[in-house]
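To begin, one chain is listed below as structure tokens, in the form predicted on its own.
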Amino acid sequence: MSEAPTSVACSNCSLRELCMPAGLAPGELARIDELVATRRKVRRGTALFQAGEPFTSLYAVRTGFFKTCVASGDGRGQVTGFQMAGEIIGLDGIVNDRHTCEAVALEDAEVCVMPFDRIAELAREVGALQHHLHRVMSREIVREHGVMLLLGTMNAEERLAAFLLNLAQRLHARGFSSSELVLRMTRQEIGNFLGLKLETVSRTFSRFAEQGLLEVRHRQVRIADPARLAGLLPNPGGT
């Protein structure tokens, strides 16, 4: 990993609306620009941080994809989420001042480093920033509840459909196609996250392709019939 002064300030970054609060005054934006003064490049397969490391910063993903993992009781890794540009990583460390999971780059990536002590100090003065941090943390709680629902009540087809639709929705919010996906994670990693065996994930992808729901070519996936795919969910249209 390497660090360098950022050449793209928050005030003119195209991802600002995703990871920073809206409606900040010019002076407030300038203070945030000073706060986020460091970028870090993370090579594919490298950990941004590991479980047990001291917590010092939050990280806003600028480019690339990450997965977060925790170690289970028997030492095996459990994928807990996938993060993309405009999303915040590192919230797990706030509670005990140490990270409880590791974040690994699924491709060459870059993050903006946000020292948490300085964020907390600025948030006390800038109400919009404090409110935004609360929203980010709340969104993480909601996401965890969604994963629990996914693993506890849905069958294999419902789990994979929900995963693909959620991924497409998040990518579309970043200006990408809502139907054309390039999966940065492996089938094994998808299965680990969804609580499914690799063979089940592969069979379900094949079944969706046979049914005309997807067009699949290695890691390139096109959602051919979003409405029918969403119709597989217990609450159609939701993820």
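Numbering starts at 1 and follows the sequence shown. This is a predicted model, so every value here is computed, not measured.
The form predicted in complex with another copy of the chain exists for this protein as well; it is not shown, and the discussion that follows is about that form.
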Contacting member of Glu87, Glu157, Asp92, Glu110, with respect to another copy of the chain in the predicted complex [4.5 Å, heavy atom]: Asp92
Check, residue by residue, if Leu167, Ser179 and Arg207 all come within 4.5 Å of another copy of the chain in the predicted complex, counting heavy atoms only. no
Contact between Ala161 and another copy of the chain in the predicted complex at 4.5 Å, heavy atoms? no
Any chance Val70 has a heavy atom within 4.5 Å of another copy of the chain in the predicted complex? yes
Whether Leu133 contacts another copy of the chain in the predicted complex should be assessed with a 4.5 Å heavy atom distance threshold; does it? yes
Do Ala123 and another copy of the chain come within 4.5 Å of each other in the predicted complex, heavy atoms counted? yes
If you look in the predicted complex, which residues in 75-102 sit within 4.5 Å of another copy of the chain (heavy atoms)? Arg76, Gly77, Gln78, Val79, Thr80, Leu91, Asp92, Gly93, Ile94, Val95, Asn96, Thr100, Cys101
